[in-house]
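Here's a solo chain for you in structure tokens, the form predicted on its own.
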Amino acid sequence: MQISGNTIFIPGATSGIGLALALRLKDKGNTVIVGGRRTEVLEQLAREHGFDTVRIDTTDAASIASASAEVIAKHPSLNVLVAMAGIMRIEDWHRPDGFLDDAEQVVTTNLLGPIRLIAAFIEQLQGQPDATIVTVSSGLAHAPLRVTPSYNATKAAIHMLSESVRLQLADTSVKVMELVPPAVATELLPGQSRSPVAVPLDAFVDEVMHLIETQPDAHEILVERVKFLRFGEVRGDYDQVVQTLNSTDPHAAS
């Protein structure tokens, strides 16, 4: 993915990592369309930053279908989809009422959402001379946090989905780039933004933008702080990684 000159749709960009990336990408000379559920926030972002915006609920297949049609109609040169939207829930699997509802919401948002988004945009992207799908997994795709089983599982699925779709699309103009965040100081979980071990949001996005600019053909965007989780099995210290991860504040590891 080139760092500038793109037309980019980022659903889930009304806060956190998504909004920070949208702002940086816009500053680099990209046209950025921001999607989200809250109309009042979208109106504020359009007013304050000049984003084009569209209301979209990535848990709703009909909403994805209508929003994608609107985005493509307004931006026929769209060539980058960033499947950003996601949620994280603490679950207790000792009893069904401790996890089932949350688990279903996490799977719908974090896994079905990106799959439906890719389905909605794949023909548009293949029609562009240079296009990119950016998926968003997590360091927890490679080492489990005890209290967030469904989140871990969906992010592991996104990692393997990215690997597989990249292989299938190798005969097209569409690249697949996987963004793999560590714990970042956002409100993905309540209080996470204040965790002393979470990477400050600005520092994280600075490093992500640098990696995209210097490694435009990278399959994975790996900031330094996520490599501890990402490569535990490769290094042979996976058990130690899992032990260390689960001895920290659960709000600190996304």
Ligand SMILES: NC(=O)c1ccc[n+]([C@@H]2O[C@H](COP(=O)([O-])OP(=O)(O)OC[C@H]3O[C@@H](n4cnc5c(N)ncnc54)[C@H](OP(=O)(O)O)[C@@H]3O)[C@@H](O)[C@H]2O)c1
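Note that the coordinates shown come from a computational prediction; the quantities given were computed from them, not determined experimentally. In case it trips you up, residue 1 is the first one in the sequence shown, and so on.
What comes next is about the form predicted in complex with this ligand, which is not displayed.
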remark   = Counting only non-hydrogen atoms, the one stretch of 135-143, 160-168, 95-103, 72-80 within 4.5 angstroms of this ligand in the model of the complex is 135-143
note = Of 195, 186, 30, 53, the only residue with a heavy atom within 4.5 Å of this ligand in the model of the complex is 186
inquiry  = Which residue, 49, 38, 210, 26, is the contact with this ligand in the model of the complex, using a 4.5 Å heavy atom cutoff?
reply    = 38
key: residue 87 within 4.5 Å of this ligand in the model of the complex, heavy atoms   = yes
request  = Spell out, yes or no, whether the shortest heavy atom distance between residue 17 and this ligand in the model of the complex is within 4.5 Å.
outcome  = yes
inquiry  = Even though the partner isn't displayed, in the model of the complex is residue 21 close enough to this ligand, meaning a heavy atom within 4.5 Å?
reply    = no
task = Tell me, yes or no, whether residue 128 is in contact with this ligand in the model of the complex, where a contact means a heavy atom of each within 4.5 Å.
result = no
task = Taking only heavy atoms into account, state which residues of 50-83 are within 4.5 Å of this ligand in the model of the complex, ordered by sequence.
result = 56, 57, 58, 59
